[in-house]
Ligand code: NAD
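In structure tokens, one chain follows: the form predicted alone.
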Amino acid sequence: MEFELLDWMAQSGHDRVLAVQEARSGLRAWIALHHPRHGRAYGGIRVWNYRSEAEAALDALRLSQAMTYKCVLAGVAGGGAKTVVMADQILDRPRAMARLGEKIQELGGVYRAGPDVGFTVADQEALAKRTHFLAHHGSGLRPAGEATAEGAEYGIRAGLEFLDGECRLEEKVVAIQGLGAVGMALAARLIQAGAKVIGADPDSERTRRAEALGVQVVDAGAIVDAPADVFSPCALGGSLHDLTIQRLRVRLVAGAANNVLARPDHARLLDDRGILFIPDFVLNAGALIEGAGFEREGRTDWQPELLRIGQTVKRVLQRARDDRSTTVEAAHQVAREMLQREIQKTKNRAGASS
């Protein structure tokens, strides 16, 4: 995989990218800071197998840029960041995470880290011994998955209202791919609201718990084919691609996983099939809103801010309709315009004070 790192950073507006390594622990990681608005950048730590260092770096760049858009659209006073750790290179995982924690601490609070795919509770404990810039850890907030699920519910309601003129969940069918912390919490909320939930996960313990909640469990490979009103990918990213999109039997895709689409242009393929898509970085901002808000204000009840996720979803969907663009293009454009207005206001204030 070939790409020019500095050129990519310049084109996407990245502030800095740090390469982190330690031979003894096998730590090899990239920390990407896209746009530290208000002196802070938020983003999770992903521990994953990559084919090359370049692929890992590019993933960090893309994910951190998406986090900036996520912060802007969610009304969070901060920008985007992301850490990716090359999982298959690790020799001593606790030591590697402790070393990574030291590097995050050295950034002096510019980067506020959180969990992402492959980042375990044990990783969090090891990291937290070396840095206190770890979102949610020891904060007293509810689990991040519950906050994300609440925001996702409001976004799903907004999507259904856009399609049907009402946001009722009663008798709607939602197929959830992945019954981890977010998927399970979302399933519970939707069932309580009167929806029928179909779910799938390769983990048998999770499926047993889901069945106890009232979820109709199907084979993990069959969830994409399930007839439903909504398909909600809540597992790994990239689950929607050329093949799986053709198998969908739904009207709305609204998933809380990061990077639901294998490629951004898959949003056009969903459009071509008449399936409305809510961009994941708009929908899954609940934990970010709660974590960042608690850090700044100490509040634990952020329901009014979470409800605004639904309002933002409506704005993005309407913008896509007006511009005849995909919802991903519309969300990016709305975020860029908001960011540009903010930058211009800062320049104006600086000019007025000089």
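In this text, rigid core is short for the largest set of C-alphas that superpose within 1.5 Å between two forms. All residue numbers are counted from 1 along the displayed sequence. Model, not experiment: these values are computed from the prediction.
Missing here is the form predicted together with nicotinamide-adenine-dinucleotide; even so, the following discussion is about that form.
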Has each of 200, 220 and 257 got a heavy atom lying within 4.5 angstroms of nicotinamide-adenine-dinucleotide in the model of the complex?
-> yes
Looking at 234, 186, 81, 71, which is the one with a non-hydrogen atom within 4.5 Å of nicotinamide-adenine-dinucleotide in the model of the complex?
-> 234
Which one, 230, 182, 210, 104, lies within 4.5 Å of nicotinamide-adenine-dinucleotide in the model of the complex by heavy atoms?
-> 182
Partner-proximal stretch of 122-130, 241-249, 90-98, 174-182 relative to nicotinamide-adenine-dinucleotide in the model of the complex, 4.5 angstroms, heavy atom | 174-182
Examine residue 157 and determine whether its closest non-hydrogen atom to nicotinamide-adenine-dinucleotide in the model of the complex is within 4.5 angstroms.
-> no
Should residue 226 be classed as touching nicotinamide-adenine-dinucleotide in the model of the complex when contacts are defined as heavy atoms within 4.5 Å?
-> no
Exercise: residue 206 in contact with nicotinamide-adenine-dinucleotide in the model of the complex, heavy atom 4.5 Å | yes
Any non-hydrogen atom of residue 144 within 4.5 angstroms of nicotinamide-adenine-dinucleotide in the model of the complex | yes
If you look in the model of the complex, which residues in 273-300 sit within 4.5 Å of nicotinamide-adenine-dinucleotide (heavy atoms)?
-> 284, 287
Determine, after fitting the two forms on their core, whether residue 46 shows a C-alpha shift of 2 Å or more between this form and the one not shown.
-> yes
